[in-house]
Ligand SMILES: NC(=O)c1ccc[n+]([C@@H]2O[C@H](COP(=O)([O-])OP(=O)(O)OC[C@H]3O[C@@H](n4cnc5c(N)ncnc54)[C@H](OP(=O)(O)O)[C@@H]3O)[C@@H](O)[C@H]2O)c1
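Okay, here we've got a single chain as structure tokens, the form predicted on its own, with questions on binding and movement later.
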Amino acid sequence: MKPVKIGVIGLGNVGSGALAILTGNAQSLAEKLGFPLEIAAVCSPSVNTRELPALPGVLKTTNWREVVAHPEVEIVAELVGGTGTAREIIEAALTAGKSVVTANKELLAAAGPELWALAVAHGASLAMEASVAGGIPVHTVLRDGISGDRIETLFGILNGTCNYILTEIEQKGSAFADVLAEAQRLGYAEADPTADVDGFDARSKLAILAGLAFGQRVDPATIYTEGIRRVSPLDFAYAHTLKHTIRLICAARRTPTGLLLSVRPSLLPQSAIMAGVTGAYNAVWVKGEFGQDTFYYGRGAGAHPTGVAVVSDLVRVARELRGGARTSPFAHVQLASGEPRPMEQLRSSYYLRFRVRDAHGIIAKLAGILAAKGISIDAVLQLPNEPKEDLPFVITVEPAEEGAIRAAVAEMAALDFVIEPPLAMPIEKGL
């Protein structure tokens, strides 16, 4: 059977990793497929100056249009990222009837269904395994592995940068700003870390997984999102007192009235399997109505782990080109429209951390506000602290609706002894 020819556009971290795997693992891939995967063209602004594997006879260009127009290229790997040029590349390739493999989480979260419709209209395939969780094949799991189940809940640690930062704060007691600077020095965080530490990267990934797991299209902007900038070593000290830890959790819950979706720092029991996910690793926990709990763990980024996901998609699409039916990358023929339910409807226990100036009757005033909102106190914790002008302490509360919690926090923030708005984090019990 004749080879399937590939064009690779983008030779950054992921593109270089995919190229190395395609060349270094070519024999094994051919044995799995029954025919070779061959690179016909590569594109990058630095293609003529960077060190590449030996690629005899391969077109090397700085113009992506030459890759899309290459008569032998059947699959285009778009590994540029972003939503501008990358969208032009994908749309041009699909319109030309060429299948596309991409790792572009931001674009797929915003326009994935439209791109899949374009692929169908032109007899092409679209694959996106590398867009979420790097080296964890969670798309394949949701699309094929547990497709017979009805997903009820999905929790994920989907941003390796945030997980690295939180792990360092927990293990070394370092301040957020210091750990972020170190993460930037090591290459774990970008010069502008906003997308990572404020939760937007994880939000795009959760929007994609919502399509796969629940068959619903979700605008990422409608997902409730909080970042990790306010999490401190003190919060980990209190969390440990409660036998919990803190992670940035992407949560999707099916309810009778719709999906509840959020990206936010949350307390997890130290006994929970996800509490053990440290450093730059990712994990996804899925609970099905019939199959119950399954858990997936691995590296969330990196040239080779993410490159493996890209190449695995190339293998799947190559099989489709040589005789299989096209498969929706979202595991559903068509995604339903609809917005997530308001997070105010979530019912959970909460951790409330305060910083106050010492005064008489603080707990009584806070307890009165909570009681007026129908919220019951579970515990009050205060670790030893000397400066009376900045005293931290924690109140944990019994399960309550988030709307009531937010109203209480807003009222508490206006009290004259409160130094900064209280930090509220849900305490996840069901993991």
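Worth saying up front: this structure is predicted, and the values here are computed from it rather than measured. Each residue number is its position in the shown sequence, starting from 1.
Not pictured, yet referred to below: the form predicted together with the named molecule.
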query	finding
One residue of Gly57, Pro45, Gly374, Gly34 in contact with the named molecule, assessed in the model of the complex (non-hydrogen atom, 4.5 angstroms)	Pro45
Among the candidates Gly300, Pro329, Gly211, Gly199, the residue which, in the model of the complex, approaches the named molecule to within 4.5 Å (heavy atoms)	Gly300
4.5 angstroms heavy atom contact with the named molecule in the model of the complex for Leu11	yes
Partner proximity in the model of the complex: Lys388 to the named molecule, non-hydrogen atom cutoff 4.5 Å	no
Contact label in the model of the complex: Asn163 to the named molecule, heavy atom within 4.5 Å	no
Ala318: touches the named molecule in the model of the complex, heavy atom cutoff 4.5 angstroms	no
One stretch from 300 to 308, 140 to 148, 233 to 241, 284 to 292 that, in the model of the complex, holds residues within 4.5 Å of the named molecule by heavy atom	300 to 308
Interface residues of 61 to 80 toward the named molecule, as seen in the model of the complex [heavy atoms, 4.5 Å]	Trp64, Leu79, Val80
